[in-house]
Structures are given as C-alpha cells and as structure tokens.
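Starting off, we have a lone chain in the form predicted on its own, written out as structure tokens.
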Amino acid sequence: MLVGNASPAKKTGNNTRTSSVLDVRRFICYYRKQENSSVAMRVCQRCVGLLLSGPLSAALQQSTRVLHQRSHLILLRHSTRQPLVHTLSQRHSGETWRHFTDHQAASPDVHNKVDLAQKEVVPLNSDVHPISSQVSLLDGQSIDLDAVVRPSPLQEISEEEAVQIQVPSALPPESSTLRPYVDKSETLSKLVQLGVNLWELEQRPNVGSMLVRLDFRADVAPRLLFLKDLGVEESKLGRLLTKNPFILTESLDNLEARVSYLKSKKFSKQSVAAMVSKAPYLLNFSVERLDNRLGFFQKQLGLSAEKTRDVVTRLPKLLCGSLEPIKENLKVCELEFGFRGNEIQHIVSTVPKVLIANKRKLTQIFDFIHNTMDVPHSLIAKFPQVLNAKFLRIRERHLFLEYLGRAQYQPSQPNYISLDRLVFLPDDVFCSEVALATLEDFERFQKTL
C-alpha cells in the first residue's frame, strides 16, 4: 500500500511536520485513486446515456458538479469522523494508522486546512441524489462503449415525443417559379391535378407566394367543396381558380352570404353556378356591391326584375367590372347612334355584350351597316347580333354581294337578305343560298380586297 511503507521512526521538529503533511497527501492520493476509478465508470455510463437520450451540455454540467461535491464531502468525512477511520484502519495496518493519526494530531496546520476546505464545500441538494443514484455502478464493473445499444429507427415512440419532433421544411426559401414547390407542396400538386395553370398564376404579383402558404386541408379543400356543392362542374374548377385564385382566401361565411343574397333575388341555384363559372370574381364582391349593381341596371335600362336577372345571368361580368364603360356605351347608343329607349332595351336584352363592347369596334360596325349598307335603325335593333359580329366578315360579304348585284337589305324589296343570314351563316352555305355562287368564287374575290 501507498501508506504502508511509512517508517515508524521518531521524527522531531520540521521533519515531523513535513512527514505528517506528506502522509496526509499520500492518503488523499490513494483514496482519490480508489474513488475516481468508480467515479470514472459512473461518468462514462452517464455520458453514453446522455448522448443517446437528451441534451448533453446541461446534464454533463450537473453530473460534474455532483461528482465534485461528493468527492469533497467524502474526503472531509474520512478526515473528521471516527467510524470512517475505523473502516480504513481495517484495510491498513494498525501501526501505519497510528503513525498517521499521531502526525495529524501533531500537525495543526493540516487540520486547519481540512477545516477550511469543509467550510468551502457546498452542501448537496436533495434534487441531486436521484441523478447520482441513477448513474451508480458496482466497483470494478467495466463498460464496452462499442457494445452500447442505440435506439433503432423502427423503434416506436410515444405520441408526446412524436409531437416534439421538428422536421425542417424541404421547400426552397425563394424561387422565381413555382416548379420547385410542386412536388413538395400538397396544395400545388392538388391544384395541378384540378387543371390550374400555375404558369399563368406565377406571372401575377404575389399570387405564387400566396398559394405556397395555403394549407390544402384547411384553406383549399373547404372552398372546393363549397363550389362543388354550389353546382360548379368539376371540369371548370381549374379554369375558375386560374382566373380567380383569391377565392381560396375568402371567408366561407362571406361566400355563403353572397350566394344566399343572389338566391333571395330569385336567382336559381343553377343560375348562380353558371354565373360563378362565367365570372370567377363574382363571389369576391360584397353583398352591398351586388345589390347596387342590380339596382343600377334595372333603373338605368328600365328593365323588369325578370329581364334584369336574365341579362345578368347571361353576362355576369356586368356585376364585376367597372360601370364607366357601360355608361359610355349606353350614351353612344342613344346620342351617337340615335337609338330610342325601347330599341336600346331590346338590343341589351338580346345582346348584353353590347354594354361592355369596345367603343371603337361598336362605332365602326354601326357606321358601316347604317351608312354604307343603308340599313335603318329599326332593322339593326331587330337583328342586334350584328353589332357583336366581326367587322371584316360583314365587309367582305357585303362587298361580294354588291359585286354580284345582290346586296338588298330592305324587306319590302325582292331578293331581300336579312342581316342574320348575311353574318352568321357559314361560308359555304352563304355562297350557295345567299350569294348563289361557289365557295371558290368567294375565296378568289377575297384575295382582291
């Protein structure tokens, strides 16, 4: 033993004090070697457990603090308590122990140092004992770190642990196109399956980022079900969402309120579904705006409620667009073209697109028909579809009939040709039944224009 070789020879003066200090130091070193062998195994086991189960830094700090406290406390107990001294005396020879105690009694400096160390030790807290008990090992037990069983990837975990797992998002932080997000975003992949044109949507500002942030189950699915219950055909959902993706951010309560308002105005469910399909932005407008628009058309055109519903059902864009082009076209028909009020009502009821038609195109067609073809207002009002036709077709066919000497548009004259037959018949039927010529003749005439 380390202290067993100490000589019992008598020492005096400084030699006695020096020997006592050396003996105490040898005893402390020996005990620390015995204690640290067990402590090291405890630390190894604790570190392995922490590496596999939880935050490492905080646990290591706690374990290190506990081990230091226990080592100091055990050392002081062996230095001050008699029962522990008897335990150690059983391991060593009685002569060596008497030599050590004699020198300790004769060395007040060493005793003072021990007392000072005892004052500086922080007492153990009650909450530390569970940790120290958990890491306890039998003396002499060895641990093979390579043989430690690590948790399997297939090991089942509790629901609480599963909730705490944070999976980083695989979506790229930014992109100029929606292509990198389609395979990783459930919302975008489902929209593609519905037929939504993402390329068209990503050209519009802020629409792409809005779609990426949407949750399919919370945001998209409820509104798709609402539109389907309303009567919108599934094949038209893709086009509707391509034109108006902002309906996915509208509150369901607001959507239901607007549909309820239209039904209260005696629009049938089929009419509402058709209106939403033709005008995707219809349900984005408030009830107040819809009510003001319906009141404007009924009052401005002097139409009955039934005719107003018919006009709006056929052209629901009247409720969505600006009123300025509509007001301007009404003034053009009345002031520039010279139509009377009842004629304007008939034109609008038959061809609602006249209200939103391009003013230049509308003026060009009316001027050619009325001034060049010499067709009166009454006949134009009787066949208002001609105002919605292509100007080039009207001009080519009139000039061909004029070339053949068959341009007759007066009902009271022989060989009368109505405006609808002039404009809406296919080329082959027009040539055989109206112009009484062949299609090849008409095509060769077109090349001369």
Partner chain sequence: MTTQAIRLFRKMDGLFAVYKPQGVHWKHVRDSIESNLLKALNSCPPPAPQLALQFQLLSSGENNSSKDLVLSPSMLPALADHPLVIGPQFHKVHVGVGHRLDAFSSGVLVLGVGKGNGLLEHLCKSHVTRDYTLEGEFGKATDNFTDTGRVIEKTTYDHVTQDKLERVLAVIQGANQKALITYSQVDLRSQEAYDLAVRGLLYPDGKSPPILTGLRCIHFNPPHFTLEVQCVNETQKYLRKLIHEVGLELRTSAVCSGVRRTRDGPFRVENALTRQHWTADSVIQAIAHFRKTTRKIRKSGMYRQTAGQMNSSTEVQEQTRSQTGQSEQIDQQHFELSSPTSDTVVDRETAVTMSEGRTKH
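Positions refer to the first chain, counted from 1. Note that the structure is predicted; figures quoted are calculated from it, not measured.
Unshown form predicted in complex with the partner chain; subsequent notes refer to it.
Quiz item: Using heavy atoms and a 4.5 Å limit, would one call residue 179 a contact residue for the partner chain in the model of the complex?
Solution: Output for residue 179 is yes: heavy atoms within 4.5 Å of the partner chain.
Quiz item: Heavy atoms within 4.5 Å of the partner chain in the model of the complex: does residue 310 have any?
Solution: No, no contact at 4.5 Å.
Quiz item: Any of the heavy atoms of residue 192 lying within 4.5 Å of the partner chain in the model of the complex?
Solution: Result yes; residue 192 sits at the interface with the partner chain in the model of the complex.
Exercise. Verify the contact flag for residue 229: yes if a non-hydrogen atom of it lies within 4.5 Å of a non-hydrogen atom of the partner chain in the model of the complex, no if not.
Key: Residue 229: no, not in contact with the partner chain in the model of the complex.
Practice problem: Let me know the one among 183, 161, 256, 234 whose heavy atoms come within 4.5 Å of the partner chain in the model of the complex, would you? | Solution: Answer to the contact question: 183.
Quiz item: Just one of 406, 393, 382, 421 has a heavy atom within 4.5 angstroms of the partner chain in the model of the complex, so which one?
Solution: Here the answer is residue option 393.
Quiz item: If we take heavy atoms and a 4.5 Å cut-off, which stretch out of 192-200, 318-326, 331-339, 370-378 is in contact with the partner chain in the model of the complex?
Solution: In the other structure, the partner sits against 192-200.
Self-check item: Heavy atom contacts to the partner chain in the model of the complex at 4.5 Å, residues of 411-449 in sequence order
Solution: Result: 427, 442, 443, 444, 445, 446, 447, 448, 449.
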